[in-house]
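Okay, here we've got a single chain as structure tokens, the form predicted alone, with questions on binding and movement later.
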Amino acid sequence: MTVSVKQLAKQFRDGTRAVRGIDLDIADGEFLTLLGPSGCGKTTTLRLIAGLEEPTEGSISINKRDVTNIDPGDRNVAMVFQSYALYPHMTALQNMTLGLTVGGMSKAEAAEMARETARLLGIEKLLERKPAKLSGGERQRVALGRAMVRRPACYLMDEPLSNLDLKRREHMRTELKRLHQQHRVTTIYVTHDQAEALILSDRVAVLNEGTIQQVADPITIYERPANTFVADFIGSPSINFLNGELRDGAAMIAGRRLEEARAPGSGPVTLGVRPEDVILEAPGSAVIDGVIDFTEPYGGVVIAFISPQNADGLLKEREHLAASVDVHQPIEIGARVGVGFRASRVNLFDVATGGSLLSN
């Protein structure tokens, strides 16, 4: 199933403009994630596609058929909500089969389909329990199974894993990825969790204040963000922003030329450097010197937070430069270090607009 939205907009009665002229084309079998902070319009966009909200402007097409004014039940989509929305007086099996039997399928056939779906999700032993006897993770899998058992042409998922603990969320993320690769059902997924988006998606659409900032595959979103908002929102720890200048097309930091960090023109520029692209060297041998003020362990790496020395005004909206260091590399708090950069991986942004100066 293909999904296309054109100039989609939604303004609520209180004047809130939740969605502002969104254009999106989702291919058949694609897993596309709507990613952004709370209030950016991602859930409203999903509800518009589902037919649970009416657009103020624009159109929605499914398989090239205009469904803008068609009832939700006639769109052949299944929505999985953040809340479980299970009927408490029904067993898991009854919750999963209700939509099928209401649609005219026999109870025996519906039960067979539900049990097959339950096996995929690892909940076949829970089918006779009611929601009160299920854990949060089990309820979420039943809710997911209720959508899957319908065999819809498109899944719409609104933060379906947000109520799970970390371990269960990681497991369900893997299961969702496996199921999508196996069945290739078109999926539109909403989350504010960047790791979830990058792991699951074929493409990611980053939203902010009701508009799309960038749509691209996960690697491009991370390595070549379209603007400073995307660069800052994606990545943990956050990207480093530095004040620099372009001179004859090459970036300059603290008077040192980064020959491989290039963009057309001259003048002030914002440099974006991921922590893993910051290189610690001997003092006096790199672009700038700094002092390690404190560190944070991140599993296999340690993030060193460095205060630049003799480089006033270098950092933009930050007090420290973050560098990702292998956990086995010896570093000491209070140590003076040289700081260099992998210039070919540095992003360059327009100071005024925040837009990328690099062509993807």
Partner chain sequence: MWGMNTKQAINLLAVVVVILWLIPVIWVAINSIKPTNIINAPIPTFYSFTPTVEHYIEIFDRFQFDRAIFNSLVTVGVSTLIVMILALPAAYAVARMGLMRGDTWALVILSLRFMPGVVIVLPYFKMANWLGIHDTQILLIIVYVAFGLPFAVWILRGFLLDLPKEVEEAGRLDGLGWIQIIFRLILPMAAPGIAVTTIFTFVFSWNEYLFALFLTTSKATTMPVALQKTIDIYNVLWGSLSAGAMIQLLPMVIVVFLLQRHIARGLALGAVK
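Only a predicted model underlies this, so the values are computations on that prediction, with no experimental measurement involved. Positions refer to the first chain, counted from 1. The term rigid core refers to the most C-alpha atoms you can superpose between the two forms while keeping them within 1.5 Å.
What comes next is about the form predicted in complex with the partner chain, which is not displayed.
Only one listed stretch (182-190, 202-210, 166-174, 91-99) carries heavy atoms within 4.5 Å of the partner chain in the predicted complex, and that stretch is 91-99. Heavy atoms of every residue among Arg47, Tyr87 and Arg150 are located within 4.5 Å of the partner chain in the predicted complex.
In the predicted complex, Arg146 approaches the partner chain with a heavy atom inside 4.5 Å.
Contact check for Val77: a non-hydrogen atom falls within 4.5 Å of the partner chain in the predicted complex. Interface membership of Phe233, defined by any non-hydrogen atom within 4.5 Å of the partner chain in the predicted complex, is ruled out. Residue contact check for Phe81: one or more of its heavy atoms lie within 4.5 Å of the partner chain in the predicted complex.
Of the residues given (Leu52, Ala27, Ile333, Val327), Leu52 alone sits with a heavy atom within 4.5 Å of the partner chain in the predicted complex. Out of the listed residues Gly249, Pro268, Gly136, Pro72, Pro72 is the one that sits within 4.5 Å of the partner chain in the predicted complex by at least one heavy atom.
Taking a 4.5 Å heavy atom cutoff to the partner chain in the predicted complex, the one contacting residue in 10-35 is Arg13. Core-aligned CA deviation for Thr91 between the shown form and the other one: 2 Å or greater.
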